[in-house]
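The chain below stands alone and is given in structure tokens; this is the form predicted on its own.
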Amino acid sequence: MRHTTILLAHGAGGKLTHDLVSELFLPTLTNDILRTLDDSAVIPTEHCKLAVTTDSYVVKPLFFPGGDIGRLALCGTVNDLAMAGAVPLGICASFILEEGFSTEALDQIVTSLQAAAHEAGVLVVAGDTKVVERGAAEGLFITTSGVGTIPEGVDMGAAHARAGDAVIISGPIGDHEVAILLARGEFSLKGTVRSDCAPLNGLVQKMLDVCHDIHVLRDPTRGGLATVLWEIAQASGVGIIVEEERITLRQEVRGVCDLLGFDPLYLANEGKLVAVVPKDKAEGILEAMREESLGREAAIIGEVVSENPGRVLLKTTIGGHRLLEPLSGEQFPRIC
């Protein structure tokens, strides 16, 4: 490891996170399942394939326009299962509470988590509660795990992109991170941006109804769209070209980025997905996505190529090309 201590940027989902995982965790814990580093681990059993995932949520503030830490935790775990094409079976939720935390706020968060579970059609089947001293948890942290079954014939992962595939995004990017930024009030900015936090398993099912041969699904959370595309290019050994004019932003998100110098391609999302699909199936998948509320603004934004393996190029609106690589840290802390 280049660093002798852990930095906040090591948890940001960018280059330092990648280095921490590849240089510290993987050498010790490595196995064939873990090495894929997909959103969910795929575990073959005698009768089916299981998807298993876990995640922790340390968002600040706990409540924000469009959601709260409870909704975020449930949706994030369901979405990680969905990115493997899995049908969620059950979710586990562990709560780390700080001494003095409001029971009224906790009730709101648990109620919100349950409402999101109902929306996703999944049960919270187990959990745990710990209480730590004042100042040790900033109110509340949540860790969730989930398990689901993968339908027969579905086989997707970051290493499955192929030259000639089309790249689809399910809607405008950056809503979640900008909503968190505005909720903190640290830049004296006001706006009406709401987090896009939502369970995507229903949208994924509609896509699979059209085509079981989807090659890659990823949700562009920490590190945003640019980082997810880079991870896919690295894992698959392919090049990816995306067109800037096809990637949509809400006007308010664009305005905040212009004011603060943020690059929207690296902003976190919690209700969007990136799909890499066979080119001849792309239009049919896109049509099915647009019939759903969470995919109404879906668009084909690029293609997979054999040139420049491991690299992502953005074709800019002025006709040039820009290399997209993961950030070392992140543009704004604690957005999930």
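Residue numbers here begin at 1 and follow the sequence given. In this text the structure is predicted, and so the values were computed from the model without any measurement.
Note that the form predicted together with another copy of the chain isn't included here; everything after this is about it.
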With a cut-off of 4.5 Å between heavy atoms, is T103 one of the residues that contacts another copy of the chain in the model of the complex? yes
Taking another copy of the chain as it sits in the model of the complex, is T53 in contact with it (heavy atom to heavy atom, 4.5 Å or less)? yes
Contact test in the model of the complex: E98 vs another copy of the chain, heavy atoms, 4.5 Å: yes
Would you check, heavy atoms only and a 4.5 Å threshold, whether V305 touches another copy of the chain in the model of the complex? no
Among the candidates G121, G90, G202, G191, the residue which, in the model of the complex, approaches another copy of the chain to within 4.5 Å (heavy atoms): G90
Which residue among H160, R246, R222, K206 has a heavy atom within 4.5 angstroms of another copy of the chain in the model of the complex? R222
Given another copy of the chain in the model of the complex, answer whether the residues L34, Q114 and T129 all have a heavy atom inside 4.5 Å of it. yes
Segment that reaches another copy of the chain in the model of the complex - one of 82-90, 251-259, 173-181, 227-235, heavy atoms within 4.5 Å: 82-90
Using a 4.5 Å cut-off on any heavy atom, which residues of 36-52 would contact another copy of the chain in the model of the complex? A41, I43, T45, H47, L50, V52
